[in-house]
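Shown below, as structure tokens, is a lone chain in the form predicted on its own; questions about how it binds or moves come after it.
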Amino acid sequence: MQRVFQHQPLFETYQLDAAYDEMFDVEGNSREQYRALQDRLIELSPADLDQRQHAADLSFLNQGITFTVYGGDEGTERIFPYDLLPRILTSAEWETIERGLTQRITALNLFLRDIYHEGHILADGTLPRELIYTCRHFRREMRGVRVPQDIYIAVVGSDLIRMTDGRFCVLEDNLRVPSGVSYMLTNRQVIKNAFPRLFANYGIRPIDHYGQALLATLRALSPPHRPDPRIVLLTPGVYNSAYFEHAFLARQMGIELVEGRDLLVHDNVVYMRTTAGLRRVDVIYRRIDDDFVDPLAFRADTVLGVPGLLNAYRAGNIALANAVGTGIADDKALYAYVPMIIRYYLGEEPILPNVETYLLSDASQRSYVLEHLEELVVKAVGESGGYGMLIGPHSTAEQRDTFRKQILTDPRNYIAQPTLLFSRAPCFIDGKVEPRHVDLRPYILYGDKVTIAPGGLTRVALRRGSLVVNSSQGGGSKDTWVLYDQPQEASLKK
């Protein structure tokens, strides 16, 4: 390991290793886009930064920005951990990310349409049928259903990591009910207060328009005979881990936040109960999984959904974002085929690469993985939030034995990937600036056009040495700055 700026108190414990460092190059020199931030940090004392961090934490507390951890001993509601220092991307870096995600989402949408209609990619043997038909997110009820504008995935949050060579690659796609965008937006407001002059002079692309861009995307899905559509956000309720986000986004868009009990279906038309009587609903931005949207079609024991909603959807009287059945493309086993899907539907090479992935339903790949469990990361194909995962180098023999048995019992349910040394970014921790591993979740909207908020949610593994960025597993987040141009150092001293 190499230390940088040992003569600067804030940076005296900052060390470089084999991971790509977002702030410093391999020689320990600050990257151009970070120089003005570094200069500002050197001017500040740890007490100054502590004060700003405390003000940021207080802002999150006062706004009720929390998340829920189920099964914890310390209570369920927690303030979302926030790191004060931004992650900064250049215009050129963002241009590659934007092109790559637009390409990826376009191809996945075409794939979903094909799977639920003609099935060309299955008929010609390009993709194995069993991969689709054994996916628990495949919904036979959606076969032949025409979705509005043929858009299956209107709201997406893909997870990217930066490799040791500086390239970004896609770790996974989140296509069902991607969360976290409210933290992206609130992080931005908090950092504007923490570093007002620095922020104002840095040339940062805005993200404040996201709420209206999301609303425009949902409007684009409305039935053609409804020129002034009524749009609602369907939440599981106040006890859901992302309820803050549901309420936040509903306010941002100026639409109603509803639960399943607030809606009903009559003659295949969806209505909302109001104090003035029933009002027709045209678009539902749903934040509940397929299993719970309609007890008549899926899980009969749920009270979260709306009885008859699927029939109204099939009749074309309601639009859902995202469409029912999009979880196929969320399956981590299908992830391995996405580069091929891009080539198949677009005739293009992927702009953003995938991480090497082993499919454990394949006997030879399974054999290799079982022999190298201590080196690999094993993931359950349908889990999220850092659950259902084995990180081989940090695992015990007992944990590896448990996963070995699970893999042998149900190999289709698991994939494996190399243990990745993804990039690290500077964080303010215990009075010092230290590097921590980060990923990036940009948010993509697909309506009349593809819109990507410049930046996204940078998630941070706040525990030293940890690779797990999920908030439920000890992670936090920080603001992500995408620059119009490189900052001019002379104007950014304050």
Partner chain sequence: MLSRVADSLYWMSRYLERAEHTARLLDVNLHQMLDQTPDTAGRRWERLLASLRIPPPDGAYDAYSITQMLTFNLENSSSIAACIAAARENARQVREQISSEMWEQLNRLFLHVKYTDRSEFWKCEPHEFFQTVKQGAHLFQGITDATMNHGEGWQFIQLGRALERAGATAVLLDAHFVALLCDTSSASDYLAWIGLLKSCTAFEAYCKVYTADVRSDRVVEFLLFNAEFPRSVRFTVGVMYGALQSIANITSMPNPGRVERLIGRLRASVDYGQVDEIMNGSMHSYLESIQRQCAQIHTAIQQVYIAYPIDTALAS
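Small disclaimer: the values here were computed from a predicted structure and weren't measured. Residue numbers count along the first chain shown, from 1.
The form predicted in complex with its partner chain exists for this protein as well; it is not shown, and the discussion that follows is about that form.
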**Message:** Looking at heavy atoms inside 4.5 Å, which stretch does its partner chain contact in the predicted bound form, given the options 259-267, 155-163, 359-367, 417-425?
**Reply:** 259-267
**Contact residue in the predicted bound form, from R404, R136, R113, R273 (heavy atom within 4.5 Å of its partner chain)** = R273
**Message:** Between A315, L278, I79, M340, only one gets a heavy atom within 4.5 angstroms of its partner chain in the predicted bound form; which residue is that?
**Reply:** L278
**Prompt:** Quick one: does Y243 come within 4.5 Å of its partner chain in the predicted bound form, counting heavy atoms only?
**Reply:** yes
**its partner chain contact in the predicted bound form: A300, any heavy atom under 4.5 Å** = no
**Asked** Wondering, does R251 line up within 4.5 Å of its partner chain in the predicted bound form on heavy atoms?
**Response** yes
**Request:** Indicate whether A247 is a 4.5 Å heavy atom neighbour of its partner chain in the predicted bound form.
**Result:** yes
**Fill in**
Restricting to 225-240, the residues within 4.5 Å of its partner chain in the predicted bound form through any heavy atom are V238, Y239
